[in-house]
Each structure stands twice: as structure tokens, then as C-alpha cells.
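To begin, one chain is listed below as C-alpha cells, in the form predicted on its own.
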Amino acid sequence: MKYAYYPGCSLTESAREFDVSTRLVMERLGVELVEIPDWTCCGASAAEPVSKLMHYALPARNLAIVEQEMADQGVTDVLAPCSACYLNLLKVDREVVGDRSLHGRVNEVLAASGLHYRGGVRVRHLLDVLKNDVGARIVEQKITDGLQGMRIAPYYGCQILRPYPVFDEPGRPVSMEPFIQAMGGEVHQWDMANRCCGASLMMGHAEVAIRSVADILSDAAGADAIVTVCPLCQMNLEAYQAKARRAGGQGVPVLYLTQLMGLAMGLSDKDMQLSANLTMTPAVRRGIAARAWAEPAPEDGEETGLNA
């Protein structure tokens, strides 16, 4: 299995731990990631309000590079771990390719860089590749330090399944559950797995986003951790957790799915860069190392586990 790898901006700055853990875990799974040469920003959510054409041309440039420069390496699929990057790249195939007028205008922009995009690249999210190409059985075979008994709340967010439900059901996504079980964990059943975290509303309408984060954290009560596959979701659930707790939310450690998979595969706390996570305090990291959630509850009723 070989993929063109699109890290995007977040994974090179604020979410480096997602990038590092994704690369290491995929290597353990026998997946080869080849970073797209000279890739550029997909436009994130900032480009669209400024220019619809730029909103499409920026991600199309990256797909054109794969189509023109990586096909001879046998690479036709792009793997994007970031949910926003994945959606922007996917929009090119869903909204540009097939629209003769728009497609022509995008290629006019790309021509300035000597590029042209025909539409021959398949855009994949990390979770899509894990579910459909790797499989939970292969992951289970790689587990050396299982997480038996750990209650894990899978959080999907919005962008990987809406508006394009490519690999899971947006109303009730379950694609992370087999991997949690493969690691020996227990899936925390909750209603907020696909609830929006507020996304960029945190900048302009913080009170709305904080309420959303508080509701998500509140519903995660009883879980030992939340796992995410989106840098923006991860940031909102971690960076604003203190404010969300004052609004009724619970304190819950939050980490990327790949970080947890790496730990279960025997990679170290340092390998997975847990210290970069705001909720991965030294006490939480010691609790994970000691598998604190497996400790029996003391008779005096004192809480145990990662949230003690």
C-alpha cells in the first residue's frame, strides 16, 4: 500500500504530533507514505470567502502534482489526515471535475505553474484507508501493549463525512470502533460522536462554540479518553476545555487516534509526542503508562483512572 501523503499546514505546525504519529503508525502497518513534493496550503476555510476560484485552485494544484509527477511511482491515491484538508481536496473531484466551465477555469490558473489536473487522483482520509485498505485485523496483529478495559470515546467531528459520506454513515459513524476494540479498548457509547465542536466559531462566536464543546465533554463523562482524527476538533476540545468545564463539561484527556494506536503498538510516550497535547499532563501520561483505568475502585469510593 502506497499513498501520496498530504500533511497540510496544521500537521506541520500546531498538530505535529498527529503528523508524527500517523507516519510511525502507518509504517508499522506496512503503509508507505510519499509526501507530495512542493505541496501548498489547501486554502483551509479562509480561501472560500475571498475567492471561490482560489478555493478550488489551491487544492487542485496539489492533486495535479500527484497526477503529473507521482503516477510513475504507482501512486494514484492521496492520504490526508486533516479533516479540513481532506474535504477541500475532495471538493475538487466532487465539484470541479465534471463541471466543464469551472474545471477549465481552474486549469487556467494551474497552467501558470505548468500544471493541469484531469481528475485522476483519488482523495482518501486516514480513517478511510485504515478501514478499507488496512483493516482492524491487521492492526490487532500489531498490538503489543494493549489497552484492555480503557473506555474510549471516538469523536469524528463534521468534515470527514459531511457533506460527502464516502466511507461511513454521518448520522452514526462507527469506523473507529473496530480499531478501538482491536487495541483492547471499550467503545464509550455516546450521542456526541458526530456533533460539531464549533470549529472556527471559536474565533467569532466563542460562546456558541464553548457551549458545543461543553456538551461534547459532558457526554464523554465515564470515558477514559476521547480520540479524534481532526486537528481543529482536537484543538477545540483541548484548548478550551477549562472554559467548557465552567460551562458544565467534564475534564477528559483528548488525543489523536494514531497516538493511541502507537502506544498500543509499543511505541513510546515520546514517540507519540504526548507532551504536545494540552490534556496529556504528566499525571495523565503516567496513568496511561500504568493502565490506571484498570485499577479496581477503592472501597471509599474515590475515583480512579485518568480523570481522577
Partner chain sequence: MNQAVRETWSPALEADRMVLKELREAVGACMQCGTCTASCPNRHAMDITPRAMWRMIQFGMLDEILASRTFWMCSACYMCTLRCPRGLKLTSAMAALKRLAGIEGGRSARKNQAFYAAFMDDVEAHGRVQETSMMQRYFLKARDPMLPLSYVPLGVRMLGKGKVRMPGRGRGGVLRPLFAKAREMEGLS
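Since this is a predicted model, take the numbers as computed values, not measurements. Positions refer to the first chain, counted from 1.
There is also a form predicted together with the partner chain; it is not shown, and the following applies to it.
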In the predicted bound form, which of the stretches 246-254, 24-32, 66-74, 271-279 has residues with heavy atoms within 4.5 Å of the partner chain?
271-279
Tell me, out of Val166, Ala221, Val109, Val174, which residue has a non-hydrogen atom within 4.5 angstroms of the partner chain in the predicted bound form.
Val109
Answer with yes or no whether His116 is in contact with the partner chain in the predicted bound form, where contact means some heavy atom within 4.5 Å.
no
Test of understanding: in the predicted bound form, would Gly262 fall inside 4.5 Å of the partner chain by heavy atoms?
no
With the partner left out here, check for me: in the predicted bound form, does some heavy atom of Leu147 sit within 4.5 Å of the partner chain?
no
Heavy atoms within 4.5 Å of the partner chain in the predicted bound form: does His205 have any?
yes
For a quick test of understanding: in the predicted bound form, does each of Lys131, Gly135 and Gln189 have a heavy atom within 4.5 Å of the partner chain?
no
Within 232-270, which residues come within 4.5 Å of the partner chain in the predicted bound form, counting heavy atoms only?
Met235, Glu238, Ala239, Tyr240
